[in-house]
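Only one chain comes next, encoded as structure tokens, the form predicted on its own.
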């Protein structure tokens, strides 16, 4: 028996103790795998809950309820010369006309004393656009579909008050109400009436702000990464700069907003609430992210690439721009777009520089007053009217689609420019 024990291998997998250790090891591995799977499922569950909630509330924001209104322009007291609507004085002629009173009178005549309350406050603007497009309407009776008031719109979507539900049912009985896609939400700007609001003004403001951010942050960030990784001497100053850049990447975004307020507005006196100032502020926030991503991408290029280029007589700058940067480009672009996506969703810095103003028309350039999508969502969420709730969720959907598109672009660029060796 002693000889059998003496000849047994140091690690005998058939002993009871060793079998027990193996079982414990496999059990621990199964538990770890289940914990990982549970974490992934929990994350996916939260994501699905977010998307379902946003889609459930926001899809209704892309639809609009309209009420039929018959207007006898010939009998109305508008006194507009149709010839004046064909020249440059068309806007002045329409501004002098009492279209709002005409719409109110026609609604009361068709639907009774409460008829004016069936239409939104901006319904007369739809009439003004219709008359401007077709001046012949002034000489006849016309049937127009105008945006319904917010209570009627909510009732048409199944969430209204009992009284609004009753009125909506009566309108349905008269074939005087319909619900369709709200194109104005994609082409309009901010308004006080939830039936007239749109996201194009904020979306264009975000695009202009991102263009300014990209034009400044990308070249400065990439060149800084190239210098720090390829040219900077290894000394105390370089170490201090690297630590400072890493710390700046973790600074709260509102600090950059305060910096933009102090420098760009109070010192440089740039226009307040402009995409130019917003882009400069977000560039300060995005630049450290691009520098860090760029350095990591450049560092990942094998040293043999540099040595081979230097060995055939290439200069240092040729090595960097002909060999290193093309190979590091996928990582640089991915980090840049991820940083830009983070900047797109920021609200605090833009609030600090005044991009929360009420902007009723889309900006024409980077110096015009504008707002951005995250700020617009914040402003709508603070409104009292219930009609802004679904518009807020719809704007969130647009922002999420924009972010997903940017992330998809990052994946495409990474795959397009990636080189394997």
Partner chain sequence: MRNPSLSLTAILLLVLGLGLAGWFAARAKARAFARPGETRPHSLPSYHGWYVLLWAVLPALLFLGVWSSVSGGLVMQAVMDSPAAANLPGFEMQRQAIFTEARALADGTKTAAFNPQATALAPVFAEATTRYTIIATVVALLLAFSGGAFAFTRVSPGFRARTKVERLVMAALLIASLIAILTTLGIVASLLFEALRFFSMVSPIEFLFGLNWSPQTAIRADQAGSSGAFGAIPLFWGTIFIGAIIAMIVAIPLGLMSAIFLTQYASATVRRWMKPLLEILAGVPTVVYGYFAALTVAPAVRGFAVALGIPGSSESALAAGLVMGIMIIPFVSSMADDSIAAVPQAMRDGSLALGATSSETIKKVLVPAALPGVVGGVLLAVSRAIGETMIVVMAAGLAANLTINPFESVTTVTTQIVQLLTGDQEFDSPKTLAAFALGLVLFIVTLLLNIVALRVVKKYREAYE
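For clarity, every value in this text was computed on a predicted model and none was experimentally measured. For clarity, a rigid core is taken as the largest C-alpha set superposing within 1.5 Å between two forms. Positions refer to the first chain, counted from 1.
In what follows, reference is made to the form predicted in complex with its partner chain, a form of this protein that is not presented.
Not displayed here, its partner chain is approached by residue 400 to within 4.5 Å at the level of heavy atoms in the model of the complex. At a distance threshold of 4.5 angstroms between non-hydrogen atoms, residue 321 is in contact with its partner chain in the model of the complex. At least one heavy atom of residue 315 is located within 4.5 Å of its partner chain in the model of the complex. Not displayed here, its partner chain is kept clear of residue 329 by more than 4.5 Å at the level of heavy atoms in the model of the complex. Stretch 344-352 is the answer when you ask which of 187-195, 344-352, 165-173, 104-112 has residues with heavy atoms within 4.5 Å of its partner chain in the model of the complex. For the marked spot (36, 53 and 381), a heavy atom within 4.5 Å of its partner chain in the model of the complex is present in each of the three residues. Among the residues 139, 143, 247, 235, the one placing a heavy atom within 4.5 Å of its partner chain in the model of the complex is 247.
For the options 251, 211, 96, 270, the residue carrying a heavy atom within 4.5 angstroms of its partner chain in the model of the complex is 251.
In the model of the complex, its partner chain lies within 4.5 angstroms of at least one heavy atom of each of the following residues of 40-60: 40, 42, 43, 44, 46, 47, 49, 50, 53, 54, 57, in sequence order. Fitting the two forms on the rigid core leaves the C-alpha of residue 411 displaced by at least 2 angstroms between the shown form and the other one. The Cα position of residue 29 differs by 2 Å or more between the shown form and the other one after fitting on the rigid core.
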